[in-house]
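Single chain ahead, written as structure tokens, the form predicted on its own.
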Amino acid sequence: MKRKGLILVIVLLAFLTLIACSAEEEVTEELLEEDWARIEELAQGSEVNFYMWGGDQRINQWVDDYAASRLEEEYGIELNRVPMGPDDYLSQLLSEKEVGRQQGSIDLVWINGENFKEAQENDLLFGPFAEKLPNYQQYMDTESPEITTDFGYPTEGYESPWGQAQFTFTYDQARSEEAPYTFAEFVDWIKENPGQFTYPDPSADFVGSVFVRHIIYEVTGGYEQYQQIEDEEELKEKIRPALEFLKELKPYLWREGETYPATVAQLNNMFADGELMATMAYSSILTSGEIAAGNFPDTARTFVLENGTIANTHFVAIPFNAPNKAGAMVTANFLASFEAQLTKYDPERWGDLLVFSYDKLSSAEQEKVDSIDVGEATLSQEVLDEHRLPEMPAELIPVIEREWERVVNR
């Protein structure tokens, strides 16, 4: 009898879970079928918990001060920024999915790359919702691969773009009259200034990770060969010369490569203090913002290498069990608005690259964009566009980071 009773309980729980999942699917479908005015109405006066990387004070301030105040004014939405990295919130969502928790605590996440791919493959996201957003339709080039794919992985409307990034190096003209341009010049520059260059730990920091991918492109002959790799062993073989190069470079690095800064923020501080001759960022405008804030010397400038610099788009997404999906959609729409994009383009506010299509702007909007002073340290958009390189497919990046740890950092 006890065994029969246990079986009955298990069957009942499975039935209740099935009902709950069916109800959730109905709510999801109903929301996506609502017109935008109704979605805005549902979002009025609600609370949106926005989980995002919190490692840059200017970004945090833009979200806390500008975005939060505008959402409160327009919709009565209370925006709560929760600093949490993707590894943490993905673990949380995976756990909630496993136990069937249909109402979580996360409404919106800042996400891209391998984290988006993992989330999609585990059914952790709500959607497709991007096409419902008026600003997505009005301002985005919805046919561009930079919008429709994320590190080569199809977005399919489960992400809304809210910014672009392009990798640059920063140096101080007061210490180095000219920046290197070719890769050979770059290597000589490091070796001629031993102990004054390093990069963040790529297994812990996304800027350090993208630096390693640049080295892979440089040493192994470009990016094209990595766009279709599916075999992990083939990838390991291809990147091995680049990792061996980084290993051989260690004696010339800060502390001879025995340790690496844990974050790009630490790297920036070391550059600002004069301990390093260079820093780096997944941003082409950040240096101008740091100069304006008094953190970097006025003589700081940015540079890219001859063979190119990796660029990508960053997005926001809504978890499958977000308690306030309507509020999250309204917030995502606001982040894609012309007003929000313009303010974060300003290097004194943030310095994030615009994500919308310039050609879809009105003449008045184009004039406003053109009037923004992006700072003397910022390379022209023409130079950035000429040197723009695609990201590697998302599934390759964790393998590269593990191999760096095994080969270079052992």
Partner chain sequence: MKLVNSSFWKPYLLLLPALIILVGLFLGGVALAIMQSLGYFPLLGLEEFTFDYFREIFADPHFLTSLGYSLYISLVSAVISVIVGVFFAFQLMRLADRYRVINILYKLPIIVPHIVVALLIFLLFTQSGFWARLAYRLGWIEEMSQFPALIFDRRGIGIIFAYLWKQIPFVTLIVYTIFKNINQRWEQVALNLGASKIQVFWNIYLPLAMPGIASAFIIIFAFSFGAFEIPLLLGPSYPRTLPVLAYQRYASSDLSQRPYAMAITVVISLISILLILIYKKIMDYYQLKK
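Model, not experiment: these values are computed from the prediction. Positions refer to the first chain, counted from 1.
From this point on, the text means the form predicted together with the partner chain, which you will not see here.
Asks: Could you check which residue among 105, 266, 137, 80 gets a heavy atom within 4.5 Å of the partner chain in the predicted bound form?
Replies: By the 4.5 Å criterion, the partner-contacting residue is 266.
Asks: Only one of 227, 173, 295, 259 gets a heavy atom within 4.5 Å of the partner chain in the predicted bound form. Which one?
Replies: Selected option: 259.
Asks: So in the predicted bound form, are 402, 405 and 409 all sitting within 4.5 Å of the partner chain, heavy atoms only?
Replies: So, yes: the whole triplet contacts the partner chain.
Asks: Give a yes or no for residue 273: in the predicted bound form, does one of its heavy atoms lie within 4.5 Å of a heavy atom belonging to the partner chain?
Replies: Although the partner chain is absent here, residue 273 would touch it in the predicted bound form, with heavy atoms inside 4.5 Å.
Asks: Residue 96 versus the partner chain, in the predicted bound form: is there a non-hydrogen atom within 4.5 Å?
Replies: The answer is no: residue 96 has no heavy atom within 4.5 Å of the partner chain.
Asks: Hey, in the predicted bound form, is residue 201 touching the partner chain, heavy atoms inside 4.5 Å?
Replies: So residue 201 counts as contacting the partner chain.
Asks: Please check if residue 169 has a heavy atom lying within 4.5 Å of any heavy atom of the partner chain in the predicted bound form.
Replies: Residue 169: no, not in contact with the partner chain in the predicted bound form.
Asks: Tell me which of 185-193, 249-257, 159-167, 206-214 has residues with heavy atoms within 4.5 angstroms of the partner chain in the predicted bound form?
Replies: Residues of 249-257 come within 4.5 Å of the partner.
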